Ligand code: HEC
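Encoded as structure tokens, the following chain is the form predicted on its own, with no partner shown.
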Amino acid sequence: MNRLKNFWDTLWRPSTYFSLAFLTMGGFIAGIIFWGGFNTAMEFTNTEAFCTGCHEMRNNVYAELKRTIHFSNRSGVRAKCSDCHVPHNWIDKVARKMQASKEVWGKIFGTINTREKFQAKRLELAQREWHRYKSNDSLECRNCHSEEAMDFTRQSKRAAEAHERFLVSGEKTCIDCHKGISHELPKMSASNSMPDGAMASANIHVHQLKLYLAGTD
């Protein structure tokens, strides 16, 4: 305790050898270095290599993503993991990183370290993400897709009607209709399926949506 007290007293004791200008400039430079290092480390956790560094992601959801329009398309625009699962603005991004830190616990204890465990937890994991998208009005979707920039005349009749009815009016948000667009849907019973119908109709909708997107930019 005495050592700790002496250290604390030293921190708050006026400097004997260095000027106030030197200390101010040194603190400013140290702050820049800290901020740069912190931001660089956080951005590294947004890379595809980091996200797919463990086999839980690489062999499951990432393998599924590679078969979708978000990974390979005519325009060459690819969405990586963080584009859809991490907010772009800084404050929400930090909050999401803090929330995701508990996933380290799951990695350490092997919560989904086998295909069987992952499939057993898929519905719970999916519902958690769907709830997050619903609560933030599909913020990550809107970072790339804007209803204001949509040309409804180039969409299928069904898609244009749905977007005009639900998206523009704000009655629904993207995730209400676009579940399963980048990853396989979990097995769901009628009691926990999507709001507008049974699982079979939802699968048909997703299949038709994928066919439509495959023919567009």
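Predicted model, so just to flag it, every value in this text is computed and none were measured. Residues carry their position along the shown sequence, with the first being 1.
Below, we refer to the form predicted in complex with the named molecule, which is not included among the displayed structures.
**Student:** Please determine whether residue 59 contacts the named molecule in the predicted complex, using a 4.5 Å cut-off between heavy atoms.
**Tutor:** Output for residue 59 is no: heavy atoms all beyond 4.5 Å of the named molecule.
**Student:** Report whether the minimum heavy atom distance between residue 55 and the named molecule in the predicted complex is within 4.5 Å.
**Tutor:** The answer is no: residue 55 has no heavy atom within 4.5 Å of the named molecule.
**Student:** Closest heavy atom of residue 187 to the named molecule in the predicted complex, within 4.5 Å or not?
**Tutor:** Contact check for residue 187: no, nothing within 4.5 Å of the named molecule in the predicted complex.
**Student:** Residue 86 near the named molecule in the predicted complex, any heavy atom under 4.5 Å?
**Tutor:** Flag for residue 86 set to no.
**Student:** Going through 113-148, which residues have a heavy atom within 4.5 Å of the named molecule in the predicted complex? Please give them in sequence order.
**Tutor:** Result: 118, 122, 125, 126, 129, 130, 133, 140, 141, 142, 144, 145.
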